[in-house]
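This document opens with one chain alone, in structure tokens, the form predicted alone.
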Amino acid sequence: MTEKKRSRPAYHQSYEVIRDWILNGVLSAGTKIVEEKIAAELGVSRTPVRESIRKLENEGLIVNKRVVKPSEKDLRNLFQVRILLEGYSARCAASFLGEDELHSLYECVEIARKGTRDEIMNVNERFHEIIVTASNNPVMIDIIDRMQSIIYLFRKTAVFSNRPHLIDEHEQIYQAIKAGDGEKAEILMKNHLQADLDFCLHLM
């Protein structure tokens, strides 16, 4: 087996563990990332850890070897992109989503109303994923995909801090998409994400 094939599992494992540590707060915002320490804890060499850190830097979770601590400006910049792209995606969803996807959106809303926090997190992510995919624009989908990790942090903040009306807004977006009203769906999605931003800024 080549060195490359041997190192791939270690790289993927390291990436997933470090990412989970960040997303679950084990490595809090501002924590310095030390390759040697993490490699020792994971029982791997520094190479897969270094590759993992590089990927996490590309995703925005690590900046200058520290766990990201977004500033107000960073937060506004991120949400400006999300508002534009996901607003457009919601408009597309009103035209292109089929019955199966519409049913999945409805399930996301229903589960969120009575689910556990983890279930709410999962269906929150799924709800937005279905709508973004409806854009049928691979460039747009890729941009959002690369932002997913840091978006997750903000969704977690909203869910765990019980952001008011979040699930009601999802239902309103679903109803507009189901009715084929692209203009309304886009406006509702933009307002929904703006409310997310305002809530996160308030907590900061």
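Keep in mind that what you see is a predicted model, and the values were worked out from it rather than measured. Residue numbers run from 1 along the displayed sequence.
Separately, the form predicted together with the DNA exists; it is not shown, and the next lines address it.
**Q** If we define contact as a non-hydrogen atom of the residue within 4.5 angstroms of the partner, is Asp168 a contact of the DNA in the predicted complex?
**A** Contact check for Asp168: no, nothing within 4.5 Å of the DNA in the predicted complex.
**Q** Is Tyr11 close to the DNA in the predicted complex, meaning a heavy atom pair under 4.5 Å apart or at it?
**A** Yes, Tyr11 lies within 4.5 Å of the DNA in the predicted complex.
**Q** Is Asp145 close enough to touch the DNA in the predicted complex, meaning at least one heavy atom pair within 4.5 Å?
**A** No, no contact at 4.5 Å.
**Q** Is Pro48 part of the interface with the DNA in the predicted complex - any heavy atom within 4.5 Å?
**A** Because a heavy atom of Pro48 falls inside 4.5 Å of the DNA in the predicted complex, the answer is yes.
**Q** With the partner removed from view, which of 49-57, 174-182, 135-143, 22-30 is the stretch that lies within 4.5 Å of the DNA in the predicted complex, judged by heavy atom distances?
**A** Of the options, only 49-57 has residues within 4.5 Å of the partner.
**Q** Is every one of Leu102, Glu119 and Arg126 in contact with the DNA in the predicted complex, taking contact as a heavy atom within 4.5 Å?
**A** No residue of the spot touches the DNA in the predicted complex.
**Q** Enumerate the residues of 166-182 that have a non-hydrogen atom within 4.5 Å of the DNA in the predicted complex, in sequence order, or give none.
**A** Counting only heavy atoms within 4.5 Å of the DNA in the predicted complex, no residue of 166-182 makes contact.
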